[in-house]
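Encoded as structure tokens, the following chain is the form predicted alone, with no partner shown.
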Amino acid sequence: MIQDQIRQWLEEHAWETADFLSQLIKAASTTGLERPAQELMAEKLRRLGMEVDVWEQGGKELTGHHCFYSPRTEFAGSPNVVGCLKGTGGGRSLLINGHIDVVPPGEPELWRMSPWSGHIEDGKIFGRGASDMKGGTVSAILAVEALQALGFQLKGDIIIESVVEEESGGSGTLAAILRGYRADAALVPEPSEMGVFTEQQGSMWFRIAVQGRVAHGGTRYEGVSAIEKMISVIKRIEELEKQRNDRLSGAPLYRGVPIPIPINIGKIEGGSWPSSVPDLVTIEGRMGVAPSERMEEAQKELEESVLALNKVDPWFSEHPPTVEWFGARWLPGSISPDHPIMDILTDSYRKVLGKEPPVKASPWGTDGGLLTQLAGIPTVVLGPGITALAHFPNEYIELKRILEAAEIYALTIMDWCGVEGGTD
């Protein structure tokens, strides 16, 4: 049986897989330092017989694009890598999109060992990026490697993307789209804990500034505290968050999720002296966007909600809060549950794990939104990593899950792309 052959090959090469992932983790690929990890990826894809494209993104076509949100405009040391395996013809193409960039490890004392150790212990590989999302990308590569080793030739093309800048807004995937990479469907092996995400929320960063009137703290009644006024803004944002999430009440893919599309305030700054009434306070945060919602609609709703405070506080009539949208953002996306790639992927899941796949909505954004909205590629998210470990200390991934995902991917690729040949 073909599936048995694939599983056996994967198990026989499990520790080679763990070693390759360990090397990727040791190549600490935080923003601006992705090149060593990308060199490993490029070499691996070349060994699979892929045509490999390596380039450093940039130029007005990218930075002037309406979907470009990176805080960077120079990308030296941060190349994209794309490998293409041409099919024999007559099959459907599949694009697998993974990002090589990882978030900083944070406080080193919170880690049991170095975040760049790539340590292997008890069937787990440890280090920053293990779950988010080098482990998932390795699963995809492993699937293609297994099919080649067993003598299968794909009819449709396979494209594997290892992009930069996903954690900062997706300019790597945007650059790949602008470079012309397209397929009949796409798979993003982000850490979904082996859940199938058919919907992905979007998100964007905002900054709100509130003015007060400075005065001496001893006569604070002569001033207006920007801190107190900002409290009103924060309460209004909390009310808006509840209103927006009430609309999703009962949505089956969000069952059990207390706040499907949160509005998070992550930074507050204001005041200059303990004995002075503060005259300026700013907050910065992240606004979640529903999969079916346009980014502009969400922006307008937050802006109008905050500006409407002038109806309850005359101060805001003459000193309206300013709302600014800045930094990174991730487009929302969705795929029809009836799309053929969904049928094939979920069937492969059943064959490998012997149960129905959990179909959910993503609690975070991915580059899948760009692939869906900008490139027009039906995109689904399924990966072996653990969501709760992404961006956390002592991040790890289980080797067993990498192999399970690779088996699911291999069966999906065979069915979607079509195959010729194979072992007896």
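As the structure is a computational prediction, the values presented were derived from the model and not from experiment. Note that residue numbering follows the sequence shown and begins at 1. C-alpha atoms forming the largest set that superposes within 1.5 Å between two forms make up the rigid core.
Absent from the display: the form predicted together with another copy of the chain. The rest refers to it.
Taking the partner from the other structure, another copy of the chain in the predicted bound form has a heavy atom within 4.5 Å of a heavy atom of residue 215.
Although the partner is absent from this view, residue 194 stays clear of another copy of the chain in the predicted bound form, with no non-hydrogen atom inside 4.5 angstroms. Heavy atoms of residue 330 reach within 4.5 Å of another copy of the chain in the predicted bound form, making it an interface residue.
The closest non-hydrogen atom of residue 318 lies beyond 4.5 Å of another copy of the chain in the predicted bound form. For the candidate set 293, 343, 184, 228, a heavy atom within 4.5 Å of another copy of the chain in the predicted bound form is found for exactly one residue, namely 228. Residue in contact with another copy of the chain in the predicted bound form (any heavy atom within 4.5 Å), chosen from 313, 74, 238, 324: 238. Against another copy of the chain in the predicted bound form, the set 253, 298 and 369 makes no contact: no member has a heavy atom within 4.5 Å. Residues with any non-hydrogen atom within 4.5 angstroms of another copy of the chain in the predicted bound form fall in just one of 300 to 308, 260 to 268, 173 to 181, 151 to 159: 260 to 268.
Of all the residues from 380 to 400, those having a non-hydrogen atom no more than 4.5 Å from another copy of the chain in the predicted bound form are 388, 390, 391, 392, 393. Core-aligned CA deviation for residue 219 between this form and the one not shown: 2 Å or greater. Relative to the superposed core, residue 285 undergoes a C-alpha shift of no less than 2 Å between this form and the one not shown. Comparing the forms between this form and the one not shown, the C-alpha position of residue 230 differs by 2 angstroms or more, with the core used for superposition.
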